[in-house]
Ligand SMILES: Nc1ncnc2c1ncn2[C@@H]1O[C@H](COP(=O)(O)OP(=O)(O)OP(=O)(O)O)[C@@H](O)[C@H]1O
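Starting off, we have a lone chain in the form predicted alone, written out as structure tokens.
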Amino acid sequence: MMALLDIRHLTTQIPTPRGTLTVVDDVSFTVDAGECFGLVGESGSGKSMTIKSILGLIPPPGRVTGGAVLHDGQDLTLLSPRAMNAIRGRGIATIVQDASSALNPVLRIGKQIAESMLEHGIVRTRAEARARVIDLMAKVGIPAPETRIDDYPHQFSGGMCQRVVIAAALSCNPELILADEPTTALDVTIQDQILKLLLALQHDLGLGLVLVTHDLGVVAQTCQRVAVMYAGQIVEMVGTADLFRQPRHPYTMGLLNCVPRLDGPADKRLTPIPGAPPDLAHPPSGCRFHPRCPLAADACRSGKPTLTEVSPGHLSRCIRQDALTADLWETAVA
């Protein structure tokens, strides 16, 4: 069965006066219909740039320089701008990171939700569009949609603005939604509501969902599979339960070691990952994580690890993955 989205060796580069930045480096993964796939990592790891590369939204002079993005048998990297515009919104929709900033402050909410429907011919008349917008607003949990459709964004809370953006993403009946940090600007209770809404809609409509986040708690709550990104590369990819049970890359261990656990010792202190992400204009030799990795050996500094299957369905970009244990990491960073 063909995957809903099939990313193969995707590479995106941005020329700068300091050198060329490879912001997405040989990234490959698939997403099936009805699956929630997570992309997780620190800020600057390449998660959002991967989403923009899929949609052909890399601002010039940056561009996709290699690989393929297959959707419904088409390689999106080969399509013209006009053909890509026909895909965006209808075949693949997005949920942006900061909904309040994404909405136009001088346009009514209803008009902004209806815009894509009218552009793609989902509805033919404004009366039909208005009825569908009201239905979508009700579906995403916005109260009194018949009256709130004529409100402006400033009259909505942050959580309600996020629901508006979700309604807009659903407006053209897409098969796949790319959600880029959809809960970042929200407080914890609203974040939980939005995640439950996304999962319910995904289940009811059979959507594929790619969820970009830096929050492992969000991943645990929502995703069936997850890819961990670092410095533009996927360093580990596996089912979510196995990621938490037995991580096989030191970077993933470091991320998990920063998360409070209810099942751990009450006096255990969280240990941050030392150092900072590398400069992509001048990335380190060998493994890109080795300058920050307390488990790095000489081979890590000289070799170039590849993403290798270490057990069925579990991929890791670490030459020492066979020796990794939670105790070894904790001892090394102590």
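All values reported here derive from a predicted model rather than from experimental measurement. One-based numbering along the sequence shown.
There is also a form predicted in complex with this ligand; it is not shown, and the following applies to it.
Only one segment in the set 66 to 74, 303 to 311, 42 to 50, 286 to 294 has residues whose heavy atoms sit within 4.5 Å of this ligand in the predicted complex; it is 42 to 50. Although the partner is absent here, Leu280 sits close enough that one of its heavy atoms falls within 4.5 Å of this ligand in the predicted complex. The closest heavy atom approach of Leu21 to this ligand in the predicted complex falls within 4.5 Å. Proximity of Ile14 to this ligand in the predicted complex: non-hydrogen atoms within 4.5 Å are present. Mapping the unseen interface onto this chain, Glu181 counts among the residues with a heavy atom inside 4.5 Å of this ligand in the predicted complex.
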